[in-house]
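Here's a solo chain for you in structure tokens, the form predicted alone.
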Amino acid sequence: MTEYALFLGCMVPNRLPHLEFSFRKILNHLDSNDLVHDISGFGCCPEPIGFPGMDNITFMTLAARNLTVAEEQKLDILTLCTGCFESLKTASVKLKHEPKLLEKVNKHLSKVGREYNGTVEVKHIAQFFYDDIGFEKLKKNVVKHLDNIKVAAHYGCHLLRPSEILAFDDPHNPTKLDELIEATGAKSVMYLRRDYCCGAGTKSLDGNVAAEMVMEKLRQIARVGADCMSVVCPFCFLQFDLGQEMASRAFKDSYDVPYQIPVLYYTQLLGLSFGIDPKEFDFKRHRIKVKPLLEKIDAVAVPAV
């Protein structure tokens, strides 16, 4: 089975370390620690929204430098963040298929004694669970079927688009995260605006627009009675957790639904179905209280047979 270098990026270790802890708890529970390695030398991915538009060669060079760190260890890269996934996967694919671009990038890398040979593949943890771990192993470890829980999946932008490069799922009708959610026994519910962006990319330009995007998505999720959201991106997590609290205050007179929809990173949801103690996931770090969801799960969740 493929082994990976874990790329944590910037946001997870600096602002959301409990998301990293939840992934490590799952790895340990699945006896899969030997598949994922911590290596030193990684830097910022760099971010995939503004940077490429300002200076694409510098963007590619910084991304490629990270790829060379994994290449030296003969490992592929696994990311917890969809933004990191898009940046590194874009560089990996383009440098593999565009020799002139690779030549330019390697000219810059030579200044720091590095060269990229195009051998590294990049995966997001959603792919890791879907393709490497597989449903059979996931379901085998479920001890508490979350049959009474409705979950709204949020794919986000950087997991799906540009689809010709990322190749994770159908960008117009994705299903893989829904399938991963339903491996826990929970119901992944459909809702309007499911493919909407979380708004993070507009935040630095217009905070009100970003907040309105959060509220519109929450309004649609509330309409279908979802008990929580499940995300696979740390920035999306922040937008719907901290951002939900802030947007609810800012637009309390404009929306008639008092949104309090818990936001769980996928590995947290998976861990609850594995019967891991919720205290292990540090839910106290969440701004939207997870306690009502945990109480509902404990009240009527169906034991696995």
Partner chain sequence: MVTRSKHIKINHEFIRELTKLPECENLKNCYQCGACSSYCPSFKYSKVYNPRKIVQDVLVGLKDEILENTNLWFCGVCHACTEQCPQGVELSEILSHIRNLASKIGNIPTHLVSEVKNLLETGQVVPPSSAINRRREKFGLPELPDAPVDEIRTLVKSTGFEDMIRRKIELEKAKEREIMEEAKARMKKMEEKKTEDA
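Worth saying up front: this structure is predicted, and the values here are computed from it rather than measured. Positions refer to the first chain, counted from 1.
Below: the form predicted in complex with the partner chain, not depicted.
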*Hey, in the predicted complex, does residue 292 get a heavy atom within 4.5 angstroms of the partner chain?*
no
_So in the predicted complex, is the partner chain close enough to residue 141 to count as touching (4.5 Å, heavy atoms)?_
no
_the partner chain contact in the predicted complex: residue 111, any heavy atom under 4.5 Å_ = yes
*4.5 Å heavy atom contact, residue 74 and the partner chain in the predicted complex*: no
_I need the one stretch from 48-56, 269-277, 242-250, 26-34 whose residues put non-hydrogen atoms within 4.5 angstroms of the partner chain in the predicted complex._
48-56
*Could you check which residue among 98, 115, 131, 147 gets a heavy atom within 4.5 Å of the partner chain in the predicted complex?*
98
*What is the one choice in 93, 189, 197, 126 with a heavy atom within 4.5 Å of the partner chain in the predicted complex?*
197
*asked:* Need the contact residues for 172-211: heavy atom within 4.5 Å of the partner chain in the predicted complex, sequence order, or none if there are none.
replied: 172, 193, 195, 196, 197, 201, 202, 204, 205, 206, 209
